[in-house]
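Taking the form predicted on its own, here's one chain by itself in structure tokens.
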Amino acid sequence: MKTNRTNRRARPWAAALLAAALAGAAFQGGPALAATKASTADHTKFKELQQGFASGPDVTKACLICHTEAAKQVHNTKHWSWEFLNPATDQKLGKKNVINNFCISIPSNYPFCTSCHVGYGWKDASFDFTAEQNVDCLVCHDTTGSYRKLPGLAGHPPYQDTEIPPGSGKFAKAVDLTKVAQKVGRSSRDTCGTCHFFGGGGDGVKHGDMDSSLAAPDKELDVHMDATGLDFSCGTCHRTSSHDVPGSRYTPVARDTEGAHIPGRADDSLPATCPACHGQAPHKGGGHAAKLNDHTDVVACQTCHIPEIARGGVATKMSWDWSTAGQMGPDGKPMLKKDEAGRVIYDSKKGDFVLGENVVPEYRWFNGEVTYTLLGDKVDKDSGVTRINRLGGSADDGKSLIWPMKVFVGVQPYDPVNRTLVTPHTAGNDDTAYWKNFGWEKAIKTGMQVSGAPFSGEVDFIRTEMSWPITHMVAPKENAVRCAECHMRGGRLEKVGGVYIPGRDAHPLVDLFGWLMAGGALLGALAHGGLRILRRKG
């Protein structure tokens, strides 16, 4: 598997320096960093925090007395704005603008969706993005594990004991804001995972390579985050500056041609790629290692080193069919259906789900270009599948590698007259919310009004697909994909075109040459044996 080679010089000294840095105090690391992880400040001694707080914004005001620039920095991040302008396509993206095929969309559902926003009070379009006290410091810096933001509260935690869901008899305790504020610290897998493990409305729903099993994984699940080993936090790779976390699902780096990052040297390339630590020749030594390095021109590191997703005991959703939502139980009330493992596979509010564990990814050429089907873009049900995000890539563009993907299949409502996807109002306790009245026409009319988009009043359902490049749950090298799993007919890369893979592919000239060589060897052996027999008789 050969293509152009770019920046192939191995720099073992660079890799060694980087490894030392990752194991040292420059980054958030494992047990070896226990001493350096301790804060230089005891926040319980700050008089600003020695008080009762009535709300999250009151805590933020206290934080800003010392951390004067923190909120301004957060305001400049996509975690705050939920908006991103793709410079390559001019598409306005971000959670605020895109449509997906799991929870579908945010407009008209803000109070529920913004429980994962780094702010307080985003309940509708009137939210003040300039107010510094609206920044939520605690959601990223809590170390107590007791800070929780509930759906429906527009990014606020419960300030009093709150029944959730209403009528369930189950209560979430009020958050002790003073206790949390006095115990703030660095972000962690727990704080990042509060949202990112539960993206799409539940544990492991969206990505497949991120779920709650990564809170304290073993080495078999993730060699970098291994809680008793390297113990990387998210910030170890996503090294943050001025509260801006590097990495993007909208403009990901599919092929990093830079070398390893060196501490003390300015480097503007993405720090959260494999080559940013391991360099362009990650396999050390000659022979088999050199042959493995030849693959890095064609194959992403993740393709070999993440053999399956959803490996930690948490199933990921592989499909979501909204068209079956609305069925009621024998008592006429919304119902749940569960599989033999006790996992929900049908919800009256959401429809049918297909779950998967230890899922082998799909594989595609990917060059980092992502184009979205946005509200207002025309869709065609007769085309088979509407791709909500289309990933660019080919074998000959010089920018692509073969990447592992989670492909998420959905069936979701759309407007068959205007031929567009729609933004239904699903969550809420009002009469137009789908989860309240189970009427698509009302829910979509309200949602589209909030989105400022036309709706014909007609509803149908369309099959959709989203692809998610996989990059977490990196297995130990002993558990990496075996050579024969790809170099065979019917193997992992069976559907990947544009590249010759020995063992999988046949080539007429190569096959002819091989048969001629084999035939020649056979004839030579027969001739040699015949001559020996004749000489013996003579």
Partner chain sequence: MERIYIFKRFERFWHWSQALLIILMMVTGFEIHGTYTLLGYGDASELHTSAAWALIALWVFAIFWHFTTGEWRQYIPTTENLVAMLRYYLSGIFTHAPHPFRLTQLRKHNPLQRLAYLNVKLMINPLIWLSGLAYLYYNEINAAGLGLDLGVVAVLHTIGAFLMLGFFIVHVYVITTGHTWSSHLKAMITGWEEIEDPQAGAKS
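The structure presented is a predicted model; accordingly, all values stated were derived computationally and were not measured. Positions refer to the first chain, counted from 1.
There is another form of the same protein, the form predicted in complex with the partner chain; it is not shown, and what comes next is about it.
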Practice prompt. Go through 76 to 84, 291 to 299, 190 to 198, 330 to 338 and give me the stretch that gets within 4.5 Å of the partner chain in the model of the complex, heavy atoms only.
Written response: 291 to 299
Item to complete: Could you work out which of Ala38, Ile65, Ala54, Ala484 is the residue within 4.5 angstroms of the partner chain in the model of the complex, going by heavy atoms?
Response: Ala484
Worksheet item: Though only this chain appears here, would Pro502 touch the partner chain in the model of the complex if you measure heavy atom gaps against 4.5 Å?
Response: yes
Fill in: Partner contact for Lys47 in the model of the complex: the partner chain, 4.5 angstroms, heavy atom
no
Fill in: Interface membership of Lys495, the partner chain in the model of the complex, 4.5 Å heavy atom rule
no
Worksheet item: Is Val510 close to the partner chain in the model of the complex, meaning a heavy atom pair under 4.5 Å apart or at it?
Response: yes
Worksheet item: Listed by sequence position, which residues of 514 to 532 have a non-hydrogen atom within 4.5 angstroms of the partner chain in the model of the complex?
Response: Gly514, Trp515, Met517, Ala518, Ala521, Leu522, Ala525, His528, Gly529, Leu531, Arg532
